Ligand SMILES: Cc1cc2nc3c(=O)[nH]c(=O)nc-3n(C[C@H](O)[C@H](O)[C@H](O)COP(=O)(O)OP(=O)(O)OC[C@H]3O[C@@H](n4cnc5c(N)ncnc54)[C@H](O)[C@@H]3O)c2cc1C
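The chain that follows stands alone, in the form predicted alone, written as structure tokens.
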């Protein structure tokens, strides 16, 4: 990696200070643990004139979780979220997702806000500046072509690889935002606008979030449902550090021998996390071949994985389906004994 360029570090202590700092430093970036942003700066992907350190804003460091709802501040570390007893008890998918991100030292530094807003990436973008320059810059930087999908006609197919977003999507998560116009709340499904061939989105891997200029995430919230059991699993080339080849979160409710509720969310495949549409049609009966075959069909229709350094796109789609099926079966069996 190259040496870091010069930049100023601003250390606000309130949300209002953050808003003022962003206005006073155009082009600045927010930083928590810096486990992704600082790496991108060293690679020459970004060169902000100032970094605004969010770790001094106490309002963003709290976790409130019970059987009904969960609220997590953007500056909570991934390790804190993964180890929180109430999160583990009531939202195991969220705790599992946080506990599977990168490696242990990354989780001590990395924050919830950073993972929710994780930059999209691909094998051409997530490289050093000299590597990208020698292979021609891609559409996400200064180039004119998406090298992952050269025939995409100006659409960037860089992939969203965050783990927390699909876990929160299982519980109809939403984010609280702050910016020059004040505070507002937004469903996670509306925060991520990365291109998806199923719904005609206009965003892509380059424009993958609907944040307004200088707007930022304060906290993420979600609500539980009675009887819902959940989990998260992913596959990656190495057991730590690596971003997922594919990740899957599943939540379901079992009523006797009837599948009463089913929610499935996928990451690491599309330019945004995807909560599968159509799972409600699979409910109302036992967990049998009709359900597993129907889930496979939903994955094939809504997951549009592209190739990575190690895997072709169709393999990633297949992995996503296998992870979802295995997790669904495991949770179904656990629900029978709970």
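Note that the structure is predicted; figures quoted are calculated from it, not measured. Residue numbers count along the first chain shown, from 1.
Form predicted in complex with this ligand: not shown, discussed below.
241 is the sole member of 237, 225, 89, 241 with a non-hydrogen atom within 4.5 Å of this ligand in the predicted complex. 31 is the sole member of 299, 31, 291, 305 with a non-hydrogen atom lying within 4.5 angstroms of this ligand in the predicted complex.
Residues placing heavy atoms within 4.5 Å of this ligand in the predicted complex fall in a single listed stretch, namely 115 to 123, out of 115 to 123, 182 to 190, 79 to 87, 255 to 263. Using a 4.5 angstroms limit between non-hydrogen atoms, residue 194 is distant from this ligand in the predicted complex.
Interface membership of residue 96, defined by any non-hydrogen atom within 4.5 Å of this ligand in the predicted complex, is ruled out. A residue is said to contact a partner when one of its heavy atoms sits within 4.5 Å of a partner heavy atom; residue 100 meets this definition for this ligand in the predicted complex.
This ligand is not drawn, but in the predicted complex it has a heavy atom within 4.5 Å of residue 161. Using a 4.5 angstroms heavy atom cutoff to this ligand in the predicted complex, all of 36, 111 and 216 count as contacting. Along 47 to 86, a non-hydrogen atom within 4.5 Å of this ligand in the predicted complex is carried by 54, 74, 78, in order along the sequence.
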